[in-house]
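Just the one chain here, the form predicted on its own, laid out as structure tokens.
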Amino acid sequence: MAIGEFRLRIGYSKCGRARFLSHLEVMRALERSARRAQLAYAVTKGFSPHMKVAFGPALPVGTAGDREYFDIWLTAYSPASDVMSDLIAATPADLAPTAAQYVGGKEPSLSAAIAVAEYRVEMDQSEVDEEQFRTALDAVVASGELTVEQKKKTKVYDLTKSLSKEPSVKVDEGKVIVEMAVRMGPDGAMRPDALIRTALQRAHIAGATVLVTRTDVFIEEGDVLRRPL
């Protein structure tokens, strides 16, 4: 971090219609919000200077996020609460900032530091037989592997490494809900909907609507997990 710069970490949510934005579109929307809020943001050096900002791991199109983060470098100090107020006024509600805190310049980047993500997957109970689905999901997890066809490529995930803990299944208010924790790494992470859809196929359940929300992300420090903020 350059002398005279202040690294501010912003927490935000991605919900509603914004869940259908790509990661690049989210980045551009939040950068525009920073400009509308008239933040004293730093710019990068080189032939193509741009706002000095860094985002956490990408969310796939269609996946919502309760606790997402980005870092922005400022050239002038302003209380985090004041920056929050300005950003909230300048940001669409579906990408609303939820928290802000200054972090040290030596703090690892969000994309490198975040090691575990928690997800909630919701399906309508009228479309999914809970017991049938639970049995199929248990069988997929017990197999230890998940094969995914993506962009004409085949990728095999080792579920003993990809899953931080075994998924849990419950029924609540007419929804079949799966909660799981997925490990993240330099080669990317397993998409929860891929695991869920494989289980649905095994259970011979077709046409179920699957809604995915990343509910939390964590930085791993030894045996301890902590939130970025």
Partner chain sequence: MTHKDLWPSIEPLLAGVERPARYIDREWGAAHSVDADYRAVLIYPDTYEIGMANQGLAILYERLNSTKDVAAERAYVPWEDMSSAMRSVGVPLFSLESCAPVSSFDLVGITLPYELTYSNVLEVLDLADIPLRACDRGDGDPLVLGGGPCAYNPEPVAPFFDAILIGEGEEGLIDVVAAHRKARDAGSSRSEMLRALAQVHGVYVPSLYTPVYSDDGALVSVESSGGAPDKVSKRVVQDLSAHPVPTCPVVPFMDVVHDRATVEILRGCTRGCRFCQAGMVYRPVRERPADMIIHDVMENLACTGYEEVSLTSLSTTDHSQIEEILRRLRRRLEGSAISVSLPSLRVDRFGVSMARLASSGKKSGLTFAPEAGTQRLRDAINKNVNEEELLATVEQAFQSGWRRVKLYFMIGLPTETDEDVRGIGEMVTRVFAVARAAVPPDQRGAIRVGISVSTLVPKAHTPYQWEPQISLEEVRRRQSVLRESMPRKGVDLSWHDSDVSFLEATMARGGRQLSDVIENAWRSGARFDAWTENYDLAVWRRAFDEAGIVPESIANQPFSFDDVLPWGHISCGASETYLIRERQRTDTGQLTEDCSFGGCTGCDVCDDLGVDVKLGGTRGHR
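Numbering follows the first chain given and starts at 1. Predicted, not measured: the structure shown is a model, and the values here were computed from it.
The same protein also has a form predicted in complex with the partner chain, omitted here; what follows describes it.
Visitor: Can you check whether Val43 is within 4.5 Å of the partner chain in the predicted complex, heavy atom basis?
Guide: The answer is yes: Val43 has a heavy atom within 4.5 Å of the partner chain.
Visitor: How about Arg36 - does it come within 4.5 Å of the partner chain in the predicted complex, if we only consider non-hydrogen atoms?
Guide: Arg36 belongs to the contact set for the partner chain.
Visitor: Given that the partner is absent here, does Val61 sit within 4.5 Å of the partner chain in the predicted complex, heavy atoms only?
Guide: Val61: yes, in contact with the partner chain in the predicted complex.
Visitor: Decide whether Ala89 counts as a contact residue for the partner chain in the predicted complex under a heavy atom distance cut-off of 4.5 Å.
Guide: Residue-level check for Ala89: yes, a contact with the partner chain.
Visitor: Under a 4.5 angstroms heavy atom criterion, identify the one residue in Lys170, Lys165, Arg28, Lys161 near the partner chain in the predicted complex.
Guide: None of the others qualify; the residue that does is Arg28.
Visitor: In the predicted complex, which of the listed residues (Leu95, Leu146, Ala100, Val121) lies with a heavy atom within 4.5 Å of the partner chain?
Guide: Selected option: Leu95.
Visitor: Any chance Arg17, Arg32 and Pro49 all have a heavy atom within 4.5 Å of the partner chain in the predicted complex?
Guide: Every listed residue reaches the partner chain in the predicted complex, so yes.
Visitor: So which of 176-184, 65-73, 49-57, 198-206 is the stretch with heavy atoms within 4.5 Å of the partner chain in the predicted complex?
Guide: Stretch 49-57 is the one.
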